[in-house]
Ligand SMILES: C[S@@+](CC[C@H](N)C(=O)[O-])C[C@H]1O[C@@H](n2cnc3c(N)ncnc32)[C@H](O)[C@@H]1O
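This document opens with one chain alone, in structure tokens, the form predicted alone.
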């Protein structure tokens, strides 16, 4: 399949749909994205006063979920889309969270932070949009403190033939149509569908994490295998 956009330009899609993104995300995931975020939060390191980096932070929903945890002192959210970051900053002001969450425009492949800075790093449904996945994983590993943990949520395809067929029908037929109606963008959710189908998942993605240096890298399937939660630790 040929993507309608280069991955390096994918942030422009999110700029164009930023104002409706939260609504679209809730509708298309049937609200399950909240459960997936909570599952990721449960896998954070056990110690307190953590500083967490949230990549592909979007409108800051994951960052907001993370600071609910008593172990988290501060979250730094990074995203390429200025439009999404702008929406996120408005949400944080309304919620009084500016002192605990800092949002910045930045590239997950070339982070501006020094090595060994964060206790954990999270990335939700964004790594498949990164042109160089290996560079992104290496950067996550670099900025983690020794003993820090990388946590990644990403879509996958179910192993069950029945569930896979149903999910592919949803991705190819229903999701693009509903996404187009809700977003007013002609191709944004066709792009989403194609990146999900082409991206490595399961043990193939775990192998990429190990290549980047993560120890104890593994994954867990969520919601019949349509989403995977990956995690690994820095030695």
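Computed from a predicted model, the values in this text were never measured in an experiment. Numbering follows the first chain given and starts at 1.
Quick note: we don't show the form predicted together with the named molecule, though the next part is all about it.
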| query | finding |
| --- | --- |
| Non-hydrogen atom within 4.5 angstroms of the named molecule in the predicted bound form for each of 62, 106 and 130 | yes |
| 4.5 angstroms heavy atom contact with the named molecule in the predicted bound form for residue 58 | yes |
| Proximity of residue 139 to the named molecule in the predicted bound form, heavy atoms at 4.5 Å | no |
| Any non-hydrogen atom of residue 14 within 4.5 angstroms of the named molecule in the predicted bound form | yes |
| The named molecule contact at residue 37 in the predicted bound form, heavy atom, 4.5 Å | yes |
| Stretch in contact, per heavy atom within 4.5 angstroms of the named molecule in the predicted bound form, of 108-116, 144-152, 94-102, 158-166 | 108-116 |
| Stretch 141-172: residues contacting the named molecule in the predicted bound form, 4.5 Å heavy atom cut-off | none |
